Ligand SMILES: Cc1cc2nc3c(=O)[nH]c(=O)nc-3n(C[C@H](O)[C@H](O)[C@H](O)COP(=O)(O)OP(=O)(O)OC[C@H]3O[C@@H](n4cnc5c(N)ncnc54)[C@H](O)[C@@H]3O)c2cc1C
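First comes one chain, alone, set out as structure tokens in the form predicted on its own.
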């Protein structure tokens, strides 16, 4: 390439999407430099050492049908461990409504159960997944953007009402520990149907009897290996503050006042980060509107060590699905024995997550511990705070996975990832047929194909 360019391509963001774009471009002989704002690679994949083991703060498990992720791990010699037995334990959790703990066996006949006859045996966390799978008109995940399905771009609340569910059933089924938004009125039903169609397709791709994997040394070892394989080392702690995309070249401006010229730029960070970066010429129309409005879910994980197996004293499951501050308290099994509980992770979403962001870690952890003890007295004095990670409080993530509100799928998804001048975009929020880690890989692949067509 011409010596007038410092690099052929600059990739902004060293998560799976950016690194997949970079490695694919390098394989075609393209000179690539990857810039990363943080002191580590991986983006929303973050394996933290806790009590001598990995605690996954981001991408937790690799779906058994994640072909791109699995192939990348194999290519870099990363051993994957089947976690099917450990994942099966996640079904063993009890429900908490207010201060009452309701065992799964008690739920079908419980007076608080608002589900219709025939569905009363389903727990709330299962019902929110069963409905989009059972009532799904999408034949394959990539159909979600077909205009014939635009009528489904309504709120999840309205879609569930259309199935005859009461407001009480919708509230318990969706709005407790909501995966997207604060409640069922926030999120597009089309997004949930796409997610369900992707899960269904994954089952067809997965080896029989296998639900998922983790990496032997933490999932973050996959992006770390991808970065290590690049001919040019990733430039860490290099936040980007502006990108000029002129006719002759793109110029990337970093916070340390350095400037890097390139033929093309791949922007592989979330829209919540892009909002704080000056783009010249600026984005326009629906693409600019999408960058300004697309939200990412507030998630905070609080890691706790049980001093004793206190669940043996009160007879309830180690894991709880609550409707209060602790959110979903999941018993983690990261050791070699899937029956051994290594720690507990409290998954807080929405306002419960952001409500802790202004506190110090120790105070935030203690609040969660106190809330768990108020629910189950057997836990009092038996939990030790060992750390937390807030995705909404992370300035280089601005939340966890992206989500669409009612009407936003049809308005933004077809256009928001389009190239702008010399800038190409990727990230899990821009995938067209995948979710999760596989979505990040898919979008990075697409960005590399776009650029190769231009160079």
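Positions refer to the first chain, counted from 1. Source: prediction; values computed, not measured.
Here the subject shifts to the form predicted together with this ligand, a form of this protein not shown in this document.
Contact check for 15, 61 and 270: all three have a heavy atom within 4.5 Å of this ligand in the predicted bound form.
Though the partner is left out of this view, residue 437 does reach within 4.5 Å of this ligand in the predicted bound form, counting heavy atoms only. Proximity of residue 400 to this ligand in the predicted bound form: non-hydrogen atoms within 4.5 Å are present. By the criterion of a heavy atom within 4.5 Å, residue 238 is counted among the residues contacting this ligand in the predicted bound form. Remark: residue 347 counts among the residues lining this ligand in the predicted bound form, judged by a heavy atom distance of 4.5 Å or less. Contact annotation: this ligand lies within 4.5 Å of heavy atoms from the stretch 273-281 in the predicted bound form, the single such stretch among 179-187, 273-281, 78-86, 151-159.
Scanning 28-43 for heavy atoms within 4.5 Å of this ligand in the predicted bound form gives 35, 36, 37, 38, 42, 43 in sequence order.
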